[in-house]
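Quick heads-up: it's one chain on its own, the form predicted on its own, in structure tokens.
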Amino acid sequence: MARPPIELDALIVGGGVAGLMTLDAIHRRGGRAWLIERDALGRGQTVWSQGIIHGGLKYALGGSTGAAARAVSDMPARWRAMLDGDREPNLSAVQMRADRCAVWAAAGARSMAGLLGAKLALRTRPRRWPDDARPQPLQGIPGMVLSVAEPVLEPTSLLQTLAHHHAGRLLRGEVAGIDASPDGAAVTLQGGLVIRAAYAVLLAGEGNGQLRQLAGLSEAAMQTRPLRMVLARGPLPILNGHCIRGTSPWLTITTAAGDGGERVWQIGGEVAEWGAGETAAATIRRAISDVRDALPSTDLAGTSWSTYEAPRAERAASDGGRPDQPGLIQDGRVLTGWPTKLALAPILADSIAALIPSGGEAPPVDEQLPSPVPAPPPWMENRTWTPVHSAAPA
């Protein structure tokens, strides 16, 4: 027998950090909401991310004082309150990679002395890291090493924690159709289940394009920025931070635990943007060269390297540039959002939750229906690794 339609205030499509935080915000406001994920929670932009809660470093380097700089500068404090369990959602169970980021200048780069007095875009003033307490890879770096209040969390643990809070509101399935009217949206899933909601909320990252097409909406509302991130694994030291050149971060490295006690570096920055148009082999060669320039005393012998494509979906900008704030579009009863940065997901969640009516507690998802689980991090997927046999360049 066909199942009767489910009645909700909001159906969220997309189980990354934006979708899960929006589900939480709607639920806490008294709205009836479910979340549907086609594959695994966070697969794509959330698990591809380095887990940094950005607080405005690039704006401080560039001297910006705009609305975007002010918005992102509040994020580390808000996330710290959630991570400490002092603000909802309670994220005290989330595993942390670091409570702050290191910032240092590449050899020959302009001094970062101006960052010490930066108040325009950083809510918390950077502090000089004592020379005798620097992270091990930075102990031989000439010049200052600064500490900036940007916590680094483990994205997979974040997904697990948020999913645990809403276990009865998560459904794994694929959307087959979206029929919106002035009164609401009927979302049909593969298999025939129909969910009727006051609002359909599309938060599927790059998948928003296809979902908008199903709803009869323009895909031109979204732009995609290609990136090729780099991974290194092996006997690496712990490091979470940014190497600066000029007025922007040049190389960003975060450290996660791999299998068998090894460590994994996720490497982004200019090399990830450059590598989007290059082969994996060329990107790895440049990444190794950049790391040796940024960390000349670090021994890379015994490490293996890989890359993964990590395109970032964003609300389209009229000039094609990068947006600095969350993007949200309302087309009647269909809402489409992009958080832009991991750190900004709570702002997008608040904006969406404010539009959703409050209809009481949602019925739990039928236990016979499949539930999504968090996606693995990129280094745990089946991929090709290139070994580095020597500590010195060839």
Ligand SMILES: Cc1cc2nc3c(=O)[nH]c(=O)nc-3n(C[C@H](O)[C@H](O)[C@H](O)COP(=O)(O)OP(=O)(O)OC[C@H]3O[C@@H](n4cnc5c(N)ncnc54)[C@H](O)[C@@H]3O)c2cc1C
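In this text the structure is predicted, and so the values were computed from the model without any measurement. Start at 1 with the first residue shown and count on from there.
One more form of this protein exists, namely the form predicted together with this ligand; it is left out here, but the text below deals with it.
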Heavy atoms within 4.5 Å of this ligand in the model of the complex: which stretch in 26-34, 356-364, 325-333, 43-51 meets that?
43-51
Let me test this: is every residue among G19, G207 and L342 within 4.5 Å of this ligand in the model of the complex, going by heavy atom positions?
yes
Heavy atom within 4.5 Å of this ligand in the model of the complex - residue from L227, L295, V264, A105:
L227
Which of these residues, M222, L236, A185, L211, gets a heavy atom within 4.5 Å of this ligand in the model of the complex?
L211
Even though this ligand is not shown here, does G302 get within 4.5 Å of it in the model of the complex, heavy atoms only?
no
A256: heavy atom within 4.5 Å of this ligand in the model of the complex?
no
Contact with this ligand in the model of the complex for R100, defined as at least one heavy atom pair within 4.5 Å: yes or no?
no
Would you check, heavy atoms only and a 4.5 Å threshold, whether R245 touches this ligand in the model of the complex?
no
Of the residues spanning 293-315, the ones with some heavy atom within 4.5 Å of this ligand in the model of the complex are Y308, A310, P311, R312
